[in-house]
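Just the one chain here, laid out as structure tokens, in the form predicted on its own.
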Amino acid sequence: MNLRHLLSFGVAAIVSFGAHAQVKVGELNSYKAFPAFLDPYKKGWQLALDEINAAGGVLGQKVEVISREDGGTPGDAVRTAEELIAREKVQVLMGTFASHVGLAVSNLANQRKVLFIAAEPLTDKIVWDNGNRYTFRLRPSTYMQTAMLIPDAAKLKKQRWAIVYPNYEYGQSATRWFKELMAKAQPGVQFVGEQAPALGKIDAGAVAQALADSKPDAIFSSLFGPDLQKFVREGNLRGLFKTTVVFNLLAGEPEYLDPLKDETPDGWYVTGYPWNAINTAAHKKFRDAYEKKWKDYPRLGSIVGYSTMQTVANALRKAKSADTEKLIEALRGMEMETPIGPIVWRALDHQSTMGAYVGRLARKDGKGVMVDWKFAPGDQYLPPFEQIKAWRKD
């Protein structure tokens, strides 16, 4: 081989290695449909990306994120993910918000054998019934967060429960688990009314009146976003919450709590994120960095975005490769820190053990706040291993 050929071979090898070593992450989400949560989420992963690349990146390369709007529907999301895989040549997918969208992308990841870190979708199916080798999920699931509310619900000994939920995968799952877990915790409990408006299309006055007419002792709700705001307003007008205890998933998250302002109902039991009252060293470091960069306070979406991006980086470091199969093996059982505490990515079902905050709602200075809160570790609110093994088909 002459010198010219040798040099050409060397340049080609370097270019080939550089292309192989470059870390490209495809991120997709329903930014237009769910801006309250996903604007902070994007700021969270952008903060993490800046920190990762400022520290030298991973695998000797800076991490590149190619972010796309997924349209908020399964079909649009699958087409977006396909474009990221085929045209942009990403090695990892991350993101999605709504449960049915997350399930569609998870199915595609399994078909295309591409790693998918599901950041936000809460459906249990994504790691259990429809779980697959290529999908991992960060947030505590619908089952987990519902289970976190059950101890307080059972303590109250309320007999007659009404339920309201958005009629799609997340709300249906929350309702299923609340009924099953409450029946076990309090045998003989009755479910006397059920309202299931379409997501984003609630007739809040009619729903609140129907619930009142069922004369419940307590209400379980999985409403969020604008649906929650409308329900709170109409329930307040009708005095529904004065004599009826309410348990609501997600209502303590700043994304959904802040818009309620002085309409925030007193005493609701919720899961959420009391960002201004968490004073652990890890959270303070994150909060200070977030506020410095964005001149704003973090929401729960900020935590989710930040932790998802850090998950990708930690998996790459542990695997010492961007190869999909090596990344999967690195993630299975991987331990890492987040701003709200350490988590483990379980090898059994690819569910992280991220926890959530459980407390009650109150008003302070015309704003809604979480009070009497505690942190619920995610690993304490999961079904037995044997049950999960029976659910998973992979």
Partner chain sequence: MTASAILIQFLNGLASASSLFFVAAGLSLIFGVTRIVNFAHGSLYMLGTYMGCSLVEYFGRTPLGFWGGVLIAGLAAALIGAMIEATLLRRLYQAPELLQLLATFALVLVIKDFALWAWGPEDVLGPRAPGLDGAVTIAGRAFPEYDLLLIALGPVVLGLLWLLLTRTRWGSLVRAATEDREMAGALGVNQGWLFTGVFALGSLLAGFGGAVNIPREPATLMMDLSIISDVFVVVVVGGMGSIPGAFLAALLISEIKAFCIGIGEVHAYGIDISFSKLTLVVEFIVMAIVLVIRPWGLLGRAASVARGPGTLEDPLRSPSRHLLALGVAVLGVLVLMPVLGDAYTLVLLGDILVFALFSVSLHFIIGPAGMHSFGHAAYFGLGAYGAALALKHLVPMEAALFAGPFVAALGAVVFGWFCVRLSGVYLAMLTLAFAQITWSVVFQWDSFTGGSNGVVDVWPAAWLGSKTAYYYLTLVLATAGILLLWRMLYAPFGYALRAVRDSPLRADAIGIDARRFQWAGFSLAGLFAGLAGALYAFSKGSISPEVVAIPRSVDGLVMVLLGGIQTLTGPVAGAAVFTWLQDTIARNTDFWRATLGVIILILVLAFPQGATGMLRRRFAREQS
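Residue numbers count along the first chain shown, from 1. Values in this document were obtained by computation on a predicted structure and should not be read as measured data.
One more form of this protein, predicted together with the partner chain, exists but is not displayed; see below.
Student: Run the contact test on Y165, D203 and A210 with a 4.5 Å heavy atom cut-off to the partner chain in the predicted complex and return yes or no.
Tutor: All three within 4.5 Å in the predicted complex.
Student: Is K284 close enough to touch the partner chain in the predicted complex, meaning at least one heavy atom pair within 4.5 Å?
Tutor: No, K284 is distant from the partner.
Student: Even though the partner chain is not shown here, does R87 get within 4.5 Å of it in the predicted complex, heavy atoms only?
Tutor: Looking in the predicted complex, residue contacts with the partner chain include R87, since a heavy atom lies within 4.5 Å.
Student: Contact between S321 and the partner chain in the predicted complex at 4.5 Å, heavy atoms?
Tutor: Heavy-atom contact with the partner chain at 4.5 Å: absent for S321.
Student: Although the partner isn't part of this model, could you tell me whether E291 comes within 4.5 Å of the partner chain in the predicted complex, counting any heavy atom of the residue?
Tutor: The answer is no: E291 has no heavy atom within 4.5 Å of the partner chain.
Student: Report the residue, out of T135, T146, T123, S222, that has at least one non-hydrogen atom within 4.5 angstroms of the partner chain in the predicted complex.
Tutor: Contact with the partner chain in the predicted complex is made by T123 alone.
Student: The partner chain isn't shown here, but in the predicted complex which of N314, T244, N130, Q91 has a heavy atom within 4.5 Å of it?
Tutor: Selected option: N130.
Student: Picking from 135-143, 306-314, 275-283, 108-116, which part of the chain touches the partner chain in the predicted complex when contact means heavy atoms within 4.5 Å?
Tutor: Flagged stretch: 108-116.
Student: Taking the partner chain in the predicted complex, which residues along 298-317 bring a heavy atom to within 4.5 Å of it?
Tutor: The stretch 298-317, when checked against the partner chain in the predicted complex, contributes only R299 at the 4.5 Å heavy-atom cut-off.
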